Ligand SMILES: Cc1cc2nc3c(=O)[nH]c(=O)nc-3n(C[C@H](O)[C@H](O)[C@H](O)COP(=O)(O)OP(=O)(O)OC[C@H]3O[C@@H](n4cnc5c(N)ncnc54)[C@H](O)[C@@H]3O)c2cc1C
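The form predicted on its own is given below as one chain in structure tokens.
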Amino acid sequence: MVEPDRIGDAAHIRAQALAKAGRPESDPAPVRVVRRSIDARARMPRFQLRVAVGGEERGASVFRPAAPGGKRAVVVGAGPGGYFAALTLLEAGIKPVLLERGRDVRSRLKDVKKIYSEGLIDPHSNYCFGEGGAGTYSDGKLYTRATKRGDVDRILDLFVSFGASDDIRVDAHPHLGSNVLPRIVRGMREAILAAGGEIHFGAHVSDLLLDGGRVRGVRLAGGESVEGDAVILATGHSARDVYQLLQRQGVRIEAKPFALGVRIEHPQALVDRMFYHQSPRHPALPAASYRLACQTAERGVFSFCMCPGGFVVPASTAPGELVLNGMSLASRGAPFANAGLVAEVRPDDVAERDPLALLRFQASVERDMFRAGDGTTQRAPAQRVPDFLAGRVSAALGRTSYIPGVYAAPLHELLPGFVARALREGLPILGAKHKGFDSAEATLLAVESRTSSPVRIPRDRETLMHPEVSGLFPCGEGAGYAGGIVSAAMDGVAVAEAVVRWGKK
């Protein structure tokens, strides 16, 4: 354990590590920090370090493309799943042809800004669609618990090789920031192109090219056909039209539970008091964060995508809907913290029994939230937590990080009944554990609805291929097999490796 005052003192850390290892201070063995986290259970938070004494440092993995071997795979989607799949294919000598419906990461930023300034939403280029995927402009958190699904260190190494800080290899909850990720994404694109891959922006897939039980490629909205030996679908959790085209073409899909609720926003100073027991926090400590969960009578309530020192942002992907998300810059220095506070939505919560039933439910809630306002802007309905619990509209709202603006609204009525009940039961439970969480300083903004895909595209456990369509490889969050940047990247690697194995048969 290291006090915040001493975290920058390399000599102190070295002396502690040598003493812990039972070695004299004169020992010349190298000492390096391999894991860094914060223990905030005591009144004074401390850094918890795992330190290696002696031995050689693990060599970092880098991208090493092989000579092309004549095969090619169509990769639909240029998010972490698609890009890491492409990198892995190139290392095996298979040419990836990436098709991204949105724009490149720099041009995409202009479309994101239009959502703030003009309320205009490009359905192909926004917070969810475009180069880099949904995580590029919504925080860039690299933490995952899915460590058994692949080599997390390999993913982090590649991020570092494309420009990320070495700190992500050490921090227990690594984070890049939405001002850093675009540069890293651009580096990945340049490496893929230099190694012989193709990347096409504004390439919106409208159909699969099916030949009996085999996929031969895809057709674009403009009518052009793109063929390949395999097709990797890495389209993200918001590509509703992809699920619809699969159903239309008779490709089996399944309904999958997801979660829906609100963004809850607090002053960062209050979050620091709740979880560090101090405000202002020690300057060596990062902005405090949390991951919370509780069980209510009907269902679980949990936090999602917590953004310390961040902003609530508009993440709608089509006109006429309202969707919220959160993001932080690398510094996490903004005055507010926000997180999704959501409850599970299950297939039996809706009357329909159809693979797209939960998707339609999700979309209907987003449209209702948009119509609850003036029906023309991305202003968000909001409510102070005590008013939400009491079932009354807030007489006044405090400051918020949400740039399009908020208005007082009865979220206890606007949210689906079972979600509102779960949140009204869960908030006091969380507030009892963390004083101030359910106070008047906390504001709820609606709606947080894109926590994960409400649809799963099935695949064989061994081959990772769709069980009924040879050559079709569902991948990442949109297929229902990942839940964040790192897990999507690991799934992209796993699916690409499956393509390689399948191609050798």
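All of these numbers come straight from a predicted model, not from anything done at the bench. So that there is no doubt, residue numbering starts at 1 and follows the sequence shown.
What follows is about the form predicted in complex with the named molecule, which we do not show.
J.: Considering non-hydrogen atoms and a 4.5 Å limit, which listed residue (127, 402, 159, 370) is close to the named molecule in the predicted complex?
T.: Selected residue: 127.
J.: To verify the annotation, which of these, 385, 419, 73, 205, has a non-hydrogen atom within 4.5 Å of the named molecule in the predicted complex?
T.: None of the others qualify; the residue that does is 205.
J.: Using a 4.5 angstroms cut-off on non-hydrogen atoms, would residue 336 count as touching the named molecule in the predicted complex?
T.: Close contact is absent here: in the predicted complex, residue 336 is far from the named molecule, nothing within 4.5 Å, heavy atoms only.
J.: Hey, in the predicted complex, is residue 78 touching the named molecule, heavy atoms inside 4.5 Å?
T.: Within the cut-off, so yes.
J.: Can you check whether residue 95 is within 4.5 Å of the named molecule in the predicted complex, heavy atom basis?
T.: Residue 95: no contact with the named molecule in the predicted complex.
J.: Is residue 488 part of the interface with the named molecule in the predicted complex - any heavy atom within 4.5 Å?
T.: So residue 488 counts as contacting the named molecule.
J.: Since the partner isn't included here, can you check whether the named molecule sits close to all of 134, 234 and 484 in the predicted complex (heavy atom within 4.5 Å for each)?
T.: The answer is yes: all three residues contact the partner (heavy atom, 4.5 Å cut-off).
J.: To test your reading of this chain, name the stretch in 33-41, 470-478, 61-69, 455-463 whose heavy atoms come within 4.5 Å of the named molecule in the predicted complex.
T.: Heavy atoms within 4.5 Å of the named molecule in the predicted complex occur in 470-478.
J.: Where, within 208-233, is there a heavy atom within 4.5 Å of the named molecule in the predicted complex? Residue list please.
T.: Result: empty, none.
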